[in-house]
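In the form predicted on its own, a lone chain appears below as C-alpha cells.
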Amino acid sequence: MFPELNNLLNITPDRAEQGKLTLLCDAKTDGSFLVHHFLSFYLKANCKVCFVALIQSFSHYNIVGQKLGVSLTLARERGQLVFLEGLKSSMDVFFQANEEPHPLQFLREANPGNLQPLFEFVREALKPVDNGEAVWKCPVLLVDDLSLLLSLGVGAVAVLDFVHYCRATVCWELKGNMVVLVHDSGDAKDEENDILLNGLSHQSHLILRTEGLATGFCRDVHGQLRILWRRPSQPTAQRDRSLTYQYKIQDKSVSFFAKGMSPAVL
C-alpha cells in the first residue's frame, strides 16, 4: 500500500471502515496502481479478500504485492485470499467439463448476461465459516475490472445487478467492503460504459478518479487524482467533498502533490 494515499484518505489498516463501496476510475491513463494499493491495504488490515482478477495473472499481482510488503501466495495458502484468475479460468470454461456452473460460465453462452455463477462464487468465498480457521476482520470484494465484462458482451444492466447483489451480501449483510475498477473510455458513443460508470458513481461512498494530463506526457508528473467522498444519506449541500492532486508513480511508492507543486518544478 502507499502511505501517502492513506494519509490523503485518512485511513489506516488498523481502522478500516466497513460497509463501503469504493469506485476506482481511470481516464486516458492507467489506474491499476490503485488496485494494488487496496489489495495490499486490506491484506495488511487482516481482512478476508475475494479478488476477481479479470485483467492480469496471479503472478503479476503477486510480484507487485511483494514490492508493497505483502505475499499473495502466503495469503492464499492461509485462506485469507480467494483469487479468481480470469485469464486462466476462462480456459477451463471451454476445455474442461464441470459438473457445477463455472464462475465465468457466461463466456459459453450465446447471449452473455447471467452473472449469477460469479456472484455465487463471491458469496461462497466470503461467507463466514466456523471450522477453526483464522478469524478475519471483515470480508472484502475486489474486482479488476468491471469494464472487461462489457467487452465480453455482458450488458451494463447485468453488471449493475451483479454489483447490487454483491453489495447486499458483502457490504450490508456481512458488513464488509467492495472495491471495483471501471475504465472511462471518454467515448460519447459508448452508452453501456456510461450507464455502468454513472450507476456505480451514484452507489459509491468513495470515488478515486485518475486522469492523464491535458498537456500530455510528463516525466515528473504521471497524472491527476481526484478524490470524491460521497455521503448519500446527507443533504445535497453536505453530501460530496472532493480534493484533486497530481502524482508520480515510483518503483515501490507513489508521491502526491498539489497541482503545480511537483518537486521537479519547484
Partner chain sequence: MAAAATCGTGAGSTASMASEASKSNVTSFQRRGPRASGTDSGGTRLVSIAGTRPSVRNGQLLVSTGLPALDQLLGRILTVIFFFFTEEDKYNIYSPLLFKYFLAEGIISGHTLLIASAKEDPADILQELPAPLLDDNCKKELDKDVYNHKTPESNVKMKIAWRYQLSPKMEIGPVSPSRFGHYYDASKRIPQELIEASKWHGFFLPEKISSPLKVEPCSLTHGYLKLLQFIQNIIYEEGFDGSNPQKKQKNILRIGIQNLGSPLWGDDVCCTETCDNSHSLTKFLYLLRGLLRTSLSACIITMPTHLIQNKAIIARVTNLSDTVVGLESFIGSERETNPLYKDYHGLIHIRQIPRLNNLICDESDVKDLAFKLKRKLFTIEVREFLCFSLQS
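Numbering follows the first chain given and starts at 1. For clarity, every value in this text was computed on a predicted model and none was experimentally measured.
This protein has a second form, the form predicted together with the partner chain, left out of what is shown; the following refers to that one.
- Contact check for residue 36: a non-hydrogen atom falls within 4.5 Å of the partner chain in the predicted bound form.
- Put simply, residue 249 is close to the partner chain in the predicted bound form: some heavy atom of it is within 4.5 Å.
- Contact check for residue 68: a heavy atom falls within 4.5 Å of the partner chain in the predicted bound form.
- In the predicted bound form, the partner chain sits within 4.5 Å of a heavy atom of residue 153.
- Using a 4.5 Å heavy atom cutoff, none of 16, 101 and 119 lies near the partner chain in the predicted bound form.
- Interface residue among 45, 228, 54, 197 relative to the partner chain in the predicted bound form, by the heavy atom within 4.5 Å criterion: 54.
- Site annotation in the predicted bound form: the residue of 87, 74, 129, 168 reaching within 4.5 Å of the partner chain with a heavy atom is 87.
- Of all the residues from 57-83, those having a non-hydrogen atom no more than 4.5 Å from the partner chain in the predicted bound form are 57, 59, 60, 63, 64, 67, 68.
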